[in-house]
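Quick heads-up: it's one chain on its own, the form predicted alone, in structure tokens.
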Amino acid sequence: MTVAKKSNARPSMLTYEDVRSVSPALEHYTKVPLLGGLWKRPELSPRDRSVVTVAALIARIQTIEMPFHFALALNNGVKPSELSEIITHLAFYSGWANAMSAVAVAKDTFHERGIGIDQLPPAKEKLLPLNEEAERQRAAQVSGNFGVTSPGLVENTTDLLFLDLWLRPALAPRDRSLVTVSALIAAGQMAQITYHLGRAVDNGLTQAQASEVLTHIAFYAGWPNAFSALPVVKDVFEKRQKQS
């Protein structure tokens, strides 16, 4: 829900009165179960809920809600550098146009808050250490399966994503995984969830937190996307339990 004064400088924002004039029931659901209920559940911190929500909005190019939730994310402890890096990360996982749509909104949020380029991650910086064995296994599997089908895609996946983007320090690996999993669920990209949810757990996301991501994202990406992800998430949980 976006509750703010209207502005012609960026995507229009709705007030509660706007929503009530079209759907009193939707206003009620927004105030009570969503903002008054979901956002107060303790299974995810307010900061994590903002990260999940921002990822879902960018994945779905839902710009009307971005001004409110970008500002809320900053209020909830997401650093300007982290919000910037989420947008960069999702250019690869949701597409360039999605990221540029987010840039068009975030630039106004940054301007209003006096956030300058000195507070944002540089284009090039010292990367985090690489888990070389895990990356060798991932690269070998992908190359073996798809190297002949699309060598360019396989090469860029290694060089741009796993040897560069995923090692950028502006987002902690756990948060980068949280962004990726949230965006995949929001976009209905179920085939990619198994790998990235496993990686998220390896990066420190707990099963309880992953479970709550589904609860939260149902409101922002719709119940069908959340329920479509359930069997995949369930399978990852069960296999992890057997391995432990």
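Just so we're clear, the structure is a prediction, and the values are computed from it rather than from any experiment. Numbering starts at 1 and follows the sequence shown.
This protein has a second form, the form predicted in complex with another copy of the chain, left out of what is shown; the following refers to that one.
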Review point. Another copy of the chain in the model of the complex: within 4.5 Å of a heavy atom of each of 60, 94 and 192?
Key: yes
Review point. Heavy atom to heavy atom, is residue 126 within 4.5 Å of another copy of the chain in the model of the complex?
Key: no
Check your understanding: Could you tell me if residue 136 has a non-hydrogen atom within 4.5 Å of another copy of the chain in the model of the complex?
Key -> no
**Study point:** Contact label in the model of the complex: residue 169 to another copy of the chain, heavy atom within 4.5 Å
**Key:** no
Practice item. Report whether the minimum heavy atom distance between residue 114 and another copy of the chain in the model of the complex is within 4.5 Å. Key: no
Practice item. Within 4.5 Å of another copy of the chain in the model of the complex, which residues of 180-215 have a heavy atom? Give them in sequence order, or say none. Key: 184, 189, 191, 192, 211, 214, 215
